[in-house]
Structure formats: C-alpha cells, structure tokens
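Only one chain comes next, encoded as structure tokens, the form predicted alone.
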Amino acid sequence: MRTALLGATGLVGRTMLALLETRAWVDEPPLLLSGARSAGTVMTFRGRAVTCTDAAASGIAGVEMALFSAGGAASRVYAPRFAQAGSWVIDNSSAWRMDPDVPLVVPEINAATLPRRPGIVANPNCSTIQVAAAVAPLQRAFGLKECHVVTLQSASGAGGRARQALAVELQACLPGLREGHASPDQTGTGAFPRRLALNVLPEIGAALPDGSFDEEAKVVRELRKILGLPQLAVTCTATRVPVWTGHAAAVRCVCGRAAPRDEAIAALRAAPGLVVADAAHGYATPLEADGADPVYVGRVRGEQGRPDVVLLWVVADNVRKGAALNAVQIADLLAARPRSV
C-alpha cells in the first residue's frame, strides 16, 4: 500500500514514521512530505534513506493512505486534495475534528464510525484521547451523566521546540536552585505564556470569551463527539506542567447508576488499550508511560455519599497514544479492508 506522511520531520511525524516501519501493510517507504524549509531532510525507513519533499510540489497520484501531522493550515489545504485523489487521510490537527461529516476516532471506542470509502478521518486531541479511553468503559457499563477533567500536560504537547525550550528554562533555573531558592522571575523562552520551568500554567491555547482556553474547549466538544453524547455535561481545566513527555488527568465521572469500585475496575480491565493499577492506591506517572502504548488508569475510587461517582487518575504518552499511535491504529483498521471497498 502506497503511504504518505505529511509533517514527517516533526515530533509526532517522526514517531508515526517509526510506527509505520512495524506495519506489514506498508510495503514500501512512505512518501515523506514537509514544508519548503524542511524539504531535503533525509530520514530513514527500515534502514533506507528517504528524502522529504515539499508538499506543494509533490505528486500524490497512487497514494492510498496519508497521515498528516503538519498543523491545521496545511491540513485544510492538502487533506481535500488527497481525499479527492482517492486516499484515506488521517489528520492529527484540529482542522476537521468537529466537521459533522468527518469521524473523530479512537479505535478502541468508535471504530464503527469509520466511513466505507476513502476520505478524511480526524485524530482527536492528545489529552482527549486518553480521557475518552478511560471514560468509555464506564459509559458502557453504567451510563454517563457528567465528566469533569483536570489535565496536567507535558511540554511535548506543544511540540519538539517547546520541549527544548523547557530544557533551556530549567538550565537557567539551576544557579538559583544550587543556592537554595527558585527565582520568582516569570521570564521564559517565549515558548509558553509564562516560564514553565518549576511552574504550572493553567493556560493552553487561545483565550476564549467564556474565560476558558482553547485546549479546554477541545476536550469538552471532542469528548462529546467521540462518546456520541452531544449533551454530556463536561468541564475541563487544562494545565501545562514542566514534564518532558506524557499527559496526566484527574477525572471525575458521574454515572447513570451506582458504580461500585469492583465493578468499575472490572469494566476498565476489560477494555482494550488500558492498563489498570492492581493496588487500590496504585498509579502510573508520565515518566513511566514515556515510550509506551497503553493508557494507564489508577487511583480508581468512589466519592463519599455519591455511589454514582468514579474518580480516576489517567496517564499516557501523548506523542504515542495521544497522537501518532492512535493515527496509525486507525490506519491499521482501514488497511485491513479489501482494496475494492
């Protein structure tokens, strides 16, 4: 199957390429596409050198599967072109997620929404994917009335340059730490709204009129779409934390009926793609999830006086399951279909 990868040189794009190396349905090196500045970059695929070409000047004839991770502006230009040429397009940007004609897919939850013929499929937001993966089994078992989320999102969620900016900020803080104090100076590299090193920022994305930020709005509307619950009561406070890779989330689910802890854990353990902590106080951290495929769920417990409430701690590698892996898993499902469909 001829494959293309737009945004191949970015953090997520490189991870997508590594995952495609392990897929038998990818029988030749993908067509690697980038912007003009990255054109000419040489990458490797199964030990072979592959050169990135400028997407604006590259032919797309014969491409059957295209994975995009180049931002919304590029996706709005190129996704329709690839789709019209007969390619499946799996887009990691926010450009198509809320389009009513485009499915927003987490394979373990709503693979049935994938269309029968080539077109655009949207990959959800990184923080939404892991929350949806943990909440969906509870929805199926008990029903779901409300979902309240606080995310703790790593620097890698803002891309490779943001991660390097965090490293620069941390280095700048070291002299003060050696002297036994943390500088109150909020000046950072400019990659974040304020200095992220030794700090927590409750601001991700553009400011919205209702007092929220765009990342929070994404979680609200995308979770509703993935779960098929357009009226679900959802709240989100999204924070950026000085972590290299991996997002965490504290989640409060109000179920449609009583959800005893043992039944909730059984429902979670039966769900594909989840690893549930064995001990009552068990949990995973972003550091432990770094480089791993599953979504980790721990601290599963109830709320005093509320038998319908389940509290969760959810962690995943946002570059893998939160982006690249989820997209490739969608491609796996599409590639398994008969070519004539």
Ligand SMILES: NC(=O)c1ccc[n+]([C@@H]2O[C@H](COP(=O)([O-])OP(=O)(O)OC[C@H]3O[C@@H](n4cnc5c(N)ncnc54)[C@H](OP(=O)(O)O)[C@@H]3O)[C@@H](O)[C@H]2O)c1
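Everything numeric in this text was worked out from a predicted model, so none of it was measured. Each residue number is its position in the shown sequence, starting from 1.
Although not depicted, the form predicted in complex with this ligand is the subject of the following passage.
Taken together, the three residues Ala55, Cys126 and Asn318 all come within 4.5 Å of this ligand in the predicted complex, as judged by their closest heavy atom. Partner contacts here mean any heavy atom within 4.5 Å of this ligand in the predicted complex, and among 301-309, 279-287, 22-30, 62-70 they occur only in 62-70. Ala8 belongs to the set of residues with a heavy atom inside 4.5 Å of this ligand in the predicted complex. A residue is said to contact a partner when one of its heavy atoms sits within 4.5 Å of a partner heavy atom; Arg37 meets this definition for this ligand in the predicted complex. By the criterion of a heavy atom within 4.5 Å, Tyr78 is counted among the residues contacting this ligand in the predicted complex.
This ligand is not shown here, but in the predicted complex it comes within 4.5 Å of a heavy atom of Ala74.
Listed residues Gln139, Ser93, Thr189, Ser212 were compared with this ligand in the predicted complex; Ser93 is the one with a heavy atom within 4.5 Å. Just one of Gly86, Gly160, Gly256, Pro202 comes within 4.5 Å of this ligand in the predicted complex, counting any heavy atom, and that one is Gly160.
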